[in-house]
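What follows is a single chain, given as structure tokens, in the form predicted alone.
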């Protein structure tokens, strides 16, 4: 299962015979093949019932729901394909061991900074002067000492991400002004793109975690909390530079998205439907992109890298094999 389907229309999603049918408010009918589906993303106002949920569960297809402001609102996940009390027990044991938890948190941040640095270095070699930012990112990586507590590690990550974001105004063309991260709701076009992209990375990681016996609510960098899959936040941070941010740079610099793809609503700046469609087309193409994996010795898609990441973490928790988070190698 590798395909994601995105539904923007308002209407009803239902089981029809042995497939899924979307009935729009204009009574237009569209069919979604579920045989190879990874997940269905609902961006419009969609009604559905338990018959559909049961059908999607039988096919192992997740439903990710996005709210009015493009934020991830929740998921209807299929029954776990794998269950393992031992896996969850080892996951909790690692969380409860302060040193083990800090060790994993440091690895998540180190990989995240590495992947931010890869993006900055790419543009530093293309008529930009980001030497000082690269130095700031290197400094934050060097600060990841074993003795730092979780809140101090979060501070390192936040400082590194501010340095990384400081390059956006130079990378993006005139007219797209970032000025710093703002959300709930995003206040400008760049923040709107970042929020939407980050939500998509998060939802895809939720699907990847669900394919394993790991519990998505037990995390190591982010505090476990109610109503969120905090392990997905841990892993999504590693992949945001590779997936969400590179899509932004491509779309805006190639003028595939312009100011007409945004609208002011409820004190925020949000993507229009055409803007979201443009972003999703590029994002899905990015997920399908492949790279030669040096350890697996074969080409794998970026989407598969998400699953590989989760399995590496699970294997570390069960066997003690060193966990080496994804760091872009190309």
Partner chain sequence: MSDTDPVEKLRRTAQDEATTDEFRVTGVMMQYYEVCERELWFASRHLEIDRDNAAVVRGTQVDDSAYDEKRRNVSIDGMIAIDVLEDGRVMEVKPSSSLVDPAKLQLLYYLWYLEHIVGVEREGVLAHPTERRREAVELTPENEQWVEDAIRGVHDIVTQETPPGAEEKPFCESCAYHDFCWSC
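Remember, it's a predicted structure, so these values are computed and weren't measured experimentally. Numbering follows the first chain given and starts at 1.
Below, we turn to the form predicted together with the partner chain, even though it does not appear here.
Contact annotation: of the candidates 295, 265, 29, 51, the single residue with a non-hydrogen atom within 4.5 angstroms of the partner chain in the model of the complex is 295.
Residue contact check for residue 17: none of its heavy atoms lie within 4.5 Å of the partner chain in the model of the complex.
In the model of the complex, the partner chain sits within 4.5 Å of a heavy atom belonging to residue 321. In the model of the complex, the partner chain sits beyond 4.5 Å of every heavy atom of residue 126. Though the partner is left out of this view, residue 211 does reach within 4.5 Å of the partner chain in the model of the complex, counting heavy atoms only.
Of the candidate stretches 167 to 175, 147 to 155, 211 to 219, 127 to 135, only 211 to 219 contains residues with a heavy atom within 4.5 Å of the partner chain in the model of the complex. Looking at the partner chain in the model of the complex, residues 304, 312 and 315 each place a heavy atom within 4.5 Å of it. Of the residues in 20 to 57, none comes within 4.5 Å of the partner chain in the model of the complex through any heavy atom.
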